[in-house]
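We begin with a single chain expressed as C-alpha cells, specifically the form predicted on its own.
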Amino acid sequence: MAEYKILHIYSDLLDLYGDYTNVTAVRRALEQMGHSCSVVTAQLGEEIAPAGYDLVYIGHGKPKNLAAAAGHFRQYAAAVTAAVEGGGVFFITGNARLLFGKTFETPDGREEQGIGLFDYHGRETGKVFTGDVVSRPMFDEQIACYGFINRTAHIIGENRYPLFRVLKGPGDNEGTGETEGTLYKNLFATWQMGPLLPRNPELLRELLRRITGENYAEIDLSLQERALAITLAEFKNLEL
C-alpha cells in the first residue's frame, strides 16, 4: 500500500457546480486500489507549495473570484512552473485555466497577469456561453468523452498542447472549435465540468496511471462506463 497526497488549491474560492467531486473521485479510486490518500487545501493568503504532492487540483469559480485569486497565485509562479515542468500531475478545470496563461480580462475590464506557463490569453465576454462537448482525448483517440461547458470567457491565441479533439460542441475558441483543453506533460486542463472525472472513467484511469506509476492497479468503474454509454447514446449522429 502506498500513501498519496492531493493538494486542492482555492477549494473555497474556486468551487462551482460540485466539481470538487473530481478530487473525491481520485481519492476513492486510490483507496479502492488499496492505497491511502489525504487531501490538503491551500486557500487565498496561504502558501502554495505543490512539490511533494501526487496531484494538484484547481477548480473553476466566478470571474470575480478568479480575479481575486490571480495576484496570490502569481506569487507562486516559480514553484508551480517547476512542479509542472518536473512532471507533477495537475488537473485544472474551468476558468482556472486562465491562471496558467499570459493574461486574462476581468469582468470590470482590467487585465490580470497569469503565470505565463502557456501563451494563450483569456477574453471576457460578460455573456454566459454553454454547450455539451463530445470529444476524444489526445492520449488515446479510441476513447470518447463527455463534458459540459458553462463559461463567460474564451481563450485566444495558440494552444500548442490540446487535450481533446472535439467531435461536437465548443472548443477553446469562441464558437465551435477543433480542440479543447491542454495536456502538457502531466498537466490536464479543460473548460469542461460535470464533474468530468466521475463521468469519464478512462480519463480517470489515465490520471490514476500517471499518479501511481508502478503502483497502478485496475479498478472496477463499470457503473461509470454504463452511465457514459447512456449519455453518449444521446448523440446519435456522431460516429463514436
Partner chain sequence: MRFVLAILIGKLVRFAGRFVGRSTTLPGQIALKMDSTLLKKMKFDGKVIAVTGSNGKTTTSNLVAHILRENGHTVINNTEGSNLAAGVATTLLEHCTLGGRLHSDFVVLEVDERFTPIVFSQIPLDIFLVNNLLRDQVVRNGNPDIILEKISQAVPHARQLVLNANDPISQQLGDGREFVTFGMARTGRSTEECLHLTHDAKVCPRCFGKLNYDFFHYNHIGQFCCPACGYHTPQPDYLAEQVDFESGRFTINTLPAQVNYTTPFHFMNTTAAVAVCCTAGLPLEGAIRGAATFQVSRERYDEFDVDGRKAVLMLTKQNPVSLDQNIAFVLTQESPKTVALYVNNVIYTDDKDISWLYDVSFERLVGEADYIVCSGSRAYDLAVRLELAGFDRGRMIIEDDNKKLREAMKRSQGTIYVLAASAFGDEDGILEVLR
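This one's a predicted model, so the numbers in the text were calculated from it and none came from an experiment. Positions refer to the first chain, counted from 1.
This protein has a second form, the form predicted in complex with its partner chain, left out of what is shown; the following refers to that one.
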Residue among 68, 183, 39, 33 with a heavy atom within 4.5 Å of its partner chain in the model of the complex: 68
Are all three residues 119, 162 and 219 in contact with its partner chain in the model of the complex, where contact means a non-hydrogen atom within 4.5 Å? no
With heavy atoms only and a cut-off of 4.5 Å, decide whether residue 146 touches its partner chain in the model of the complex. yes
Would you check, heavy atoms only and a 4.5 Å threshold, whether residue 48 touches its partner chain in the model of the complex? no
Does any part of residue 150 reach within 4.5 Å of its partner chain in the model of the complex? Heavy atoms only, please. yes
Residue-level contact is defined here as any heavy atom of the residue lying within 4.5 Å of its partner chain in the model of the complex; does residue 171 satisfy this criterion? no
Contact stretch among 77-85, 97-105, 131-139, 111-119 - heavy atom within 4.5 Å of its partner chain in the model of the complex: 131-139
Within 21-35, the residues having any heavy atom within 4.5 Å of its partner chain in the model of the complex are 21, 24, 25, 28
